[in-house]
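So this first bit is one chain, no partners, the form predicted on its own, shown in structure tokens.
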């Protein structure tokens, strides 16, 4: 049994608790006691949180950082540079890039990553990214993406049934969940979407949705439906579904996503000039929110979380649409649930012992008052403020 005494800990409420004793038995939290003294427990100063969930990642795109920041362009010109990088990869280079990416995530407090994986060859690229996360020590949900039309050869399966056969060869493990992904309505036709949705069943199912206006225009022209409507007709929009981006939605789309999760990736959406998603309207409709680093323009889950609020302030002229505890929930419990780990992302008895300890002594956070610790964390902290990270009862940083 490991005993940890936290100067401050966030247990899911609107304020952090002072003097929290956490007992860990192997990979689980055995008990949580508030108002406790340190006794003989290991002391964690600062603020302790549940592990952070990075719900949407394309690890290989970490190698684009800096390259795509030169000159002007759009999402579509960025995509051509991404294709060029993807075509150059093999399992060894994929492992090296992914490991560096996941190590950066671990140092930033990420204990679980959703890898939206669509570079299927040459060689066994799936095992390369799984091995990279395992080597770093973080959990992974591999969201194996069906990609049938467009793109490059290494993205595409022959058809949805061939995708299902390949994805079916992957198995869950203690540190791994296997989920499914529909890359986009551009890359997967409606009949094939149904095959993927049926295969996913109770597993997580993710899809890029309405990231760009052009995506919507082409979908309406071809199918007479928005991407969200098309996914709904394919039977994809259940409680296990996560829409990625969902930047350009109609009011009807927002209603259709009421029972799903929407993963926003603000640093990528800013970098690619995608736009600002209607996060508050989605939350009010009943959708859950999560966050992801997507193209790895930067890896900082605190920045992704606060940007939901700050970007929407720019779009609406209104402050305080998303309180700090809701943004932290998106970055922890709601994110983990979207990745198929409902027993992670919270500090409570029986949950997985995934913890992040954040220093309050940096120039950014020095002087933080306990009553405003969550607000200070969400709106001022950065990845370097993460001091220690525990996954399954084991310190990995």
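Numbering follows the first chain given and starts at 1. All values derive from a computational prediction rather than experimental measurement.
Here the subject shifts to the form predicted in complex with a further copy of the same chain, a form of this protein not shown in this document.
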Should residue 72 be classed as touching a further copy of the same chain in the predicted bound form when contacts are defined as heavy atoms within 4.5 Å? yes
Partner proximity in the predicted bound form: residue 67 to a further copy of the same chain, non-hydrogen atom cutoff 4.5 Å: yes
Tell me, yes or no, whether residue 319 is in contact with a further copy of the same chain in the predicted bound form, where a contact means a heavy atom of each within 4.5 Å. yes
My question is simply whether residue 273 lines the interface with a further copy of the same chain in the predicted bound form - judged by any non-hydrogen atom within 4.5 Å. yes
Using a 4.5 Å heavy atom cut-off, indicate which stretch of 367 to 375, 41 to 49, 339 to 347, 26 to 34 touches a further copy of the same chain in the predicted bound form. 367 to 375
Interface residue in the predicted bound form among 313, 177, 283, 149, criterion: non-hydrogen atom within 4.5 angstroms of a further copy of the same chain: 313
Select from the listed residues 170, 100, 164, 220 the one whose heavy atoms reach within 4.5 Å of a further copy of the same chain in the predicted bound form. 100
For this chain shown on its own, do 269, 306 and 380 all sit within 4.5 Å of a further copy of the same chain in the predicted bound form, going by heavy atoms? yes
